[in-house]
Every structure is written in structure tokens, then in C-alpha cells.
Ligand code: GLA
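Below you'll find only one chain, the form predicted on its own, shown as C-alpha cells.
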């Protein structure tokens, strides 16, 4: 169910005891069609904004107090501009991390009230944290006339994730949330931030997200480990090829010559990333030709690389991909996101979705003891202000 500005306005006015209508910003989650764990290696990604989003309602205060409220958790959090610290409530950190970054840039801020609500599932690999960060920075940029560009907002939100959430993520999630375009994917060069919109014509197929409803604790620590492994591989190549900056610049031949003799595991990690960059560029050509069958095959290949080479999958994700691998109604499937849980993304014939769910849901629940939930995602616009209507709070 989509959230509506009327409900959020009413909630905001009740929570903060005001009749002033807030500024409301919607920032979507994202799917990534192909190109996983390439972003922090200066590579390419192919994300799109979806119809699941975080919403913030915000208004200025006359003091330096920051008063926050999360509908989903029915929780308040209050602090001041002079005391921006991490909290064990977790959700405020994504908002406070943005404030911290703005303060480091000496932006002219004041106190504010902010309510957050969302219809994007948390922990499903749809980048709910980036959606909240982007909604916050976009709203504060508007509220305080900070004149940041969307690209600057994306980098600022990325730094907030690094420093307040402790995840050394790339810029993809934030960029996709801010720059999304309806019915298009974004071929994003994560080094230059040059990007191209590529039409996504699915020809009777839909994007089906199957949620494992599991989030293994390995996620953050292993994510950071993979990043260090990639950096080590680059360092070994750079010793011999000084022009190399990131895995984006590395070839398989370089890995064979300079990395494999030193460490087979690091070679395996790096090889996946180099292969994935090449797959993505080929996938863009598939989309431009309308060849979604070839795109689907590359998605399966990506999952196999993530599972066996990069080793960021888990038994639940592997079960879901393996279960649809030979289903003629499914063109492609893979795990999506950082790994160790979350969703698989599937390209499924629209008329066969109900039949697929009826078969896979009990099979998954029997095999894992976990509930399987699902979402059908459509590709929507990126972050923006929700049109204000003349709602009266009573």
C-alpha cells in the first residue's frame, strides 16, 4: 500500500502539535538489474528506482532542537544541533548522519521536526537506508535552501552511511534513489558519475522480488572484508601497472599474472568483479536491442558468481534462485544487494506470477522454516517533493 501525503500531514501535525503543513519528500528504494558489488570498485551498475519509498515530513523550528519520529517504530528521538551523536535506536542514525555531514560543510541549519514513514520493507535489499538518507538530505536542502546538486546529495548520503551506519557502501543506492526515471534503468559509471538512461521494456514480464526474510549478521562485516580483498588485489596489480586505480581498470590477464600467484581467494573475488563489469555492459546492449532473454541469462550468471566466487549469498537465496532456474516463465533471477539475505530479483512472465508464487512459497517455507514474502516492483521516478494539497488538520 502506498503512503499518501494526507496521512503523513495529519500524523505530522498530531505528533508535533502544530497546524503548519510540513514539506513532504518521497525517496524510493531501488532494484539493481545487474552489476552487484561493482560500485565500490569504480565499476558500472544498472539500478532503477521503484514504487516502494521512504517519506519524510519536515518543518523548521525556532530553536536548535532536532525532534524526530518514526511511524514504523512508534519512536521519538530528540537531540540538538550541538549534540549529533549515534544512537542505539538505529533508525535516527540515517537522519543524524546527514545532519553531521551538512555541519561538516558548514551549511546553515536550524532545528527541525521530522517524521519518517515508509512502504519500503527494511532488510529486503531494496536500500531502505539510502532511501531515508536521500529523503532527508533532499528535504533539508529544500527547507534550508542549501543549493546542493543531486550528485552532491548522493555523495553526502554515502559519507553519512560510512560514518554513522558503519557500512563502506558505494554510491549506487543513493544515486539510483535520487536520479531514478520511470520505466528506465540507469547505466551508471561509479567513477565519473556519468550516466545513461536505458529504456526497460519487459514485454509482458514483471520484476518479482522474493524476500527470504532473513538477514544474516555476516552482512556488514563481510561486506567490508570483500572491499578490502578487492583493494588488496588492486594494490598487487598496481605494483606492476601503476596506472591502475581500481578493479575497473584491471583485466583478467592482469589478475592471472599478478594476483593468482599470491592469493587464490583474492583472485576469485577480483575475477568476479571484472567479469560482472563486462556482463553489465553487455546487458545494456541487450536492453537496447530489446533482448531480455539474454539479459535474464546474465542475471543467472551473476548469481552464480556472487554465490560461488564472491561468496556473499546464503542457502535461502540460493534455494530461491535454484527453484526458478529451469522455469520457462522465468527469464532470469539472482540475489540482489549486499548479500547474506534480502531479496532475489526475478524477471517473470506476468501471467505466470501467481502460479510461481503458489509453488515456491510452500517449498521455501518447508525447506527453511521461514516465511516467503514477495513484491512486484514497477520502475518509478526518483526523489522529489510530494505535491502539497490543501489538507486541513482537524
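Predicted model, so just to flag it, every value in this text is computed and none were measured. Numbering follows the first chain given and starts at 1.
Here the subject shifts to the form predicted together with alpha-D-galactopyranose (GLA), a form of this protein not shown in this document.
**Student:** Pick from 195, 300, 223, 319: which residue has any heavy atom within 4.5 angstroms of alpha-D-galactopyranose (GLA) in the model of the complex?
**Tutor:** The residue in contact is 223.
**Student:** Heavy atoms within 4.5 Å of alpha-D-galactopyranose (GLA) in the model of the complex: does residue 296 have any?
**Tutor:** No - in the model of the complex, heavy atoms of residue 296 and alpha-D-galactopyranose (GLA) never come within 4.5 Å of each other.
**Student:** Any of the heavy atoms of residue 26 lying within 4.5 Å of alpha-D-galactopyranose (GLA) in the model of the complex?
**Tutor:** Taking the distances in the model of the complex, the answer for residue 26 is no, it never comes within 4.5 Å of alpha-D-galactopyranose (GLA).
**Student:** Is the gap between residue 341 and alpha-D-galactopyranose (GLA) in the model of the complex 4.5 Å or less for some heavy atom pair?
**Tutor:** Heavy-atom contact with alpha-D-galactopyranose (GLA) at 4.5 Å: absent for residue 341.
**Student:** Does any heavy atom of residue 292 come within 4.5 Å of a heavy atom of alpha-D-galactopyranose (GLA) in the model of the complex?
**Tutor:** Residue 292: no, not in contact with alpha-D-galactopyranose (GLA) in the model of the complex.
**Student:** In the model of the complex, which of 30-38, 53-61, 341-349, 66-74 comes within 4.5 Å of alpha-D-galactopyranose (GLA) (heavy atoms)?
**Tutor:** Correct option: 30-38.
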